[in-house]
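Just one chain is shown here, as structure tokens, and it is the form predicted on its own.
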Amino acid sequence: MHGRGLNIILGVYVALIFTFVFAPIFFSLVFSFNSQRFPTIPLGEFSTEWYAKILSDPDIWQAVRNSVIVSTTTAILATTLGFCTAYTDFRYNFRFKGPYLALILLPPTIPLIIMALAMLAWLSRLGLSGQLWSIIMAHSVLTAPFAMAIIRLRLHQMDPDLEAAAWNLGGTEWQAMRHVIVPFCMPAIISSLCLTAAVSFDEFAVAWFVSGLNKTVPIVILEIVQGNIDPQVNAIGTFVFLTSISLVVAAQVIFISRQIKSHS
């Protein structure tokens, strides 16, 4: 009975956490279809006016294009960096390996404002600030540790003798990488691509500092809410949320389903 009561308490606690996190998003979705300009209850009539406005706004489409380019390129670069780093950890033992891993996992622990200022100063010194590549480089630094953590977890489930067996059977290091390591890591690689793309698509603090005139969708939202109350924000926010949550869910489903298959 004691265990059952604890499970009930934990279930209620988790439900409250999810309610606290997702209730504002749910109401933002509801108000995006509200005909009234201000988010008040009772609601007005059902309307898609705000969605029609953002779909006819060329600045929004340009921001979406920028966000897609940034998030896609960031996902590829971050996953490549994460894979290389995770494989280095898996295959090699060397001095100061602990500090090496700690340094790699450091960026997500740094406050975003500090990271943004540092990236702005560094990119400005290199003459690369104010471009889409500025956002891509900054987001790659920010998201590569997530990719590394996902792929590292997958690699550590692999028998380290498999690669050596491929070598003994006549395969080169590159052939072993192509036919053994990469296929084994593929679910983690796909999950990493989805997760890093979602993080990049959502991020605005670093992007706002280094982007210049190249606005992404989160930057457009920030500029709108700084000006006045505009229901278009609810419509844009719903689009951003659905895009990000779809990528995150896809990453989790792919990774967990592969985990289940490997243990069955």
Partner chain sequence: MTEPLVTFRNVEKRFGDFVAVRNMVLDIHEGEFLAIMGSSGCGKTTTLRMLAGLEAPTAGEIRMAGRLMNDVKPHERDTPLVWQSLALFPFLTARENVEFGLKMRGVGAAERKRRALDWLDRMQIADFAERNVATLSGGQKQRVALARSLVMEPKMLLLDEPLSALDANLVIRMQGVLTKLQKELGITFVYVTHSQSEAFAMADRVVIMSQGDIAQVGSPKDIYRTPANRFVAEFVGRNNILSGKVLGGDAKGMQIATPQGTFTAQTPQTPLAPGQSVSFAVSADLLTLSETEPDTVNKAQATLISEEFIGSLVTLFLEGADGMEFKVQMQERALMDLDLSPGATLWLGWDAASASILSEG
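Positions refer to the first chain, counted from 1. All figures in this text were calculated on a predicted structure; none of them were measured in a lab.
Heads up, the form predicted in complex with its partner chain isn't pictured, but that's what we're talking about next.
Remark: of stretches 124-132, 145-153, 68-76, 166-174, the one touching its partner chain in the predicted bound form is 166-174 (heavy atom within 4.5 Å). Note on the partner interface in the predicted bound form: the residue among Ile189, Ile136, Ala116, Val180 having a heavy atom within 4.5 angstroms of its partner chain is Val180. Though the partner is left out of this view, Phe184 does reach within 4.5 Å of its partner chain in the predicted bound form, counting heavy atoms only. Although the partner is absent from this view, Leu105 stays clear of its partner chain in the predicted bound form, with no non-hydrogen atom inside 4.5 angstroms. For the stretch 141-161, the set of residues having any non-hydrogen atom within 4.5 angstroms of its partner chain in the predicted bound form comprises Asp159, Asp161, in sequence order.
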